[in-house]
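Single chain ahead, written as structure tokens, the form predicted on its own.
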């Protein structure tokens, strides 16, 4: 079978690896020259991933049987729709189904309309003064979000990113006036207190099969300081839930995802592909921060290496509505993933810097390497303004997986930055203590 993967990041490298390990012939369509993907692909093409016409042309030329879309932007651009119109199977959502991610206002309205649990108090505004009235009603304790896509970097939360009403007003004005996220509109939500976690699931339009829970770390600096990023790293536990969670919390999150998929079906937006919820575990249970129409990045790199079931067969089952007949298994292992990013990432990243990677040494240490937004030229690897590469350690315990990850990172050299506290015992114990306090 010929499978085309769209996207050139570390998440897509992980997807590509899973495709090849499933015995399929890999083709890749990406905007950057990802060395890891190039090496394992039968053929690749470098081009704008949102160009639906070009994707279709490439898929037809190469007699592609099935397509998996990695990033959200091509989904929002209707790439899946264009492929399906030509009879090509796509294990990723259409533009209409992907609106659950590409339009945060749509997601919140869907949850309200269908009375899905996990909702929060929120309103969308096109007028700064009206938005500020709502912020004042909430005593400033809010999260401010552009309506559309911002690569995980558009959200600002009281206490973390701003501390005064004047700062809140400045950002609201900036979103509305500049059209950040593609719309001159802003979503204001109540601030949630608790611990964030990600739950990803395979979905065939009706059935969902959840994967192990993962905790991502959005903030750039150790101790959850600094600006938001696309994600600096993540970890998972061999139990399938996180150390600060209970099995009931996991079930609550899975139930919310199931209800969202059912609501989309009632709205005639059949959802086929991976869906994931970014949740906040609060003292009042599980709340939805956002829903995403794809694998997480970095969370894909925590779960895909643990997958025991043939990935391409799962993708086909999602396309054909046959997930309920599949038994999907994951290795009972813990994982720690840490991103290597260019110096200045999150503020003013250095592009074009050379990175040295000793792939053999990383392999000997027992780690996995996933290239992200880098370019390979004449055998050398250079940074872009986005994240460069990710390293994953896998072991029975999180602590050991973290140590493997750190040993591997010693074999990466360059003008780069790494958030080293991800997966360390001190940070995880802090998460556990926080939830114990909130549950009292």
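Here the structure is a predicted model, which means the values were calculated and not measured. Positions refer to the first chain, counted from 1.
Although it is not shown, the form predicted in complex with a small molecule is what the next lines describe.
Out of the listed residues 249, 84, 123, 290, 290 is the one that sits within 4.5 Å of the small molecule in the model of the complex by at least one heavy atom. This chain is displayed alone, yet in the model of the complex one of 254, 280, 307, 77 has a heavy atom within 4.5 Å of the small molecule; that residue is 280. Contact annotation for residue 204: none of its heavy atoms lies within 4.5 Å of the small molecule in the model of the complex. Residue contact with the small molecule in the model of the complex: residue 170 places no heavy atom within 4.5 Å of it. Looking at residue 94, you'd find every heavy atom of it more than 4.5 angstroms from the small molecule in the model of the complex.
Taking the partner from elsewhere, residue 237 is found to have every heavy atom lying beyond 4.5 Å of the small molecule in the model of the complex.
Heavy atoms within 4.5 Å of the small molecule in the model of the complex are found in exactly one of 362 to 370, 110 to 118, 140 to 148, 319 to 327, that being 140 to 148.
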